[in-house]
Ligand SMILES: Cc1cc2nc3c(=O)[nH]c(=O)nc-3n(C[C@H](O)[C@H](O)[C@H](O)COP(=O)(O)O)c2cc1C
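Below you'll find only one chain, the form predicted alone, shown as structure tokens.
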């Protein structure tokens, strides 16, 4: 990995295994966001120099998914992008994963982001078609397994992340340092990542880049109601809750009325799937994104929402992260130079 300034006043140039894998300017993955990672958002990510993924589960049938992939290809001018394939931990009846993989291959999509159960069943097919796989996990032990079955890269998320941080709730800094020593394939780390300083810190810990979700939720291209985005802009790092531990499927979500009800039910021992599903089903969340009524729905949200300080085009958010990374590296250079001078003087 190399990180260097091209010229004074110019952005930092990154050369890590992650941006080499995706052929992106920056080692940043804009992870798939259920109901929200559609063509306009993914194309904005790719055009801004990071990798983005259409969430396959956001589309009700094969035809609409194909249409979205083709729309994204138009918007990116043929640049590479990916499809997110979220798989439940156990194979349910009616699972669409096989059909989604077929569509990815048929459409020539070069990357997939998988999560949930192991992607082992699909690795050979995808590789034969020239598709690379980055698998997202909430613990390093799962990352080791993913590497063993042949994925091309992994994302390891810490307890700060929105969505599913796993049952162990290990923080991102700890996860990153362990993963960097444990893996030989490219590594992205996520959870609480919202600034360029986080990117520099992740690289210092041995990662090859970062995974960002929550910070990008206030981008202009996210297809959600303005009231939802305004709510996020006003939120702080304490604006999330952990729910669904009773189902061994812990989720970090926006602190709202739904989260309060679910937590109360779980505390009272009523946390079975039949009781909780009316509150946490994806359709309830989808309606909240559509209407802006953020009191309802289990809306995935990470603690890095505190950095989502205004609604703006995704390209502008990425540009800010680049500038922040440059500033962070300048601070490090100043600090390291001061330490070196003090050592030279025997201080």
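Positions refer to the first chain, counted from 1. Not measured: the values here are computed from a predicted model.
Same protein, other form: the form predicted together with this ligand, not shown, and the subject of what follows.
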**Request:** Report the residue, out of 317, 301, 288, 50, that has at least one non-hydrogen atom within 4.5 angstroms of this ligand in the predicted complex.
**Result:** 301
**Asked** Pick from 82, 138, 196, 192: which residue has any heavy atom within 4.5 angstroms of this ligand in the predicted complex?
**Response** 192
**Item:** Complete contact of 36, 113 and 157 with this ligand in the predicted complex (any heavy atom, 4.5 Å)
**Value:** yes
**this ligand contact at residue 186 in the predicted complex, heavy atom, 4.5 Å** = no
**Message:** Residue-level contact is defined here as any heavy atom of the residue lying within 4.5 Å of this ligand in the predicted complex; does residue 212 satisfy this criterion?
**Reply:** yes
**Prompt:** Heavy atom to heavy atom, is residue 86 within 4.5 Å of this ligand in the predicted complex?
**Reply:** yes
**Asked** Does residue 161 make contact with this ligand in the predicted complex, using a 4.5 Å heavy atom cut-off?
**Response** yes
**Asked** Where does this ligand sit in the predicted complex: which of 100-108, 143-151, 214-222, 237-245, heavy atoms within 4.5 Å?
**Response** 214-222
**Stretch 248-270 - residues with a heavy atom within 4.5 Å of this ligand in the predicted complex** = none
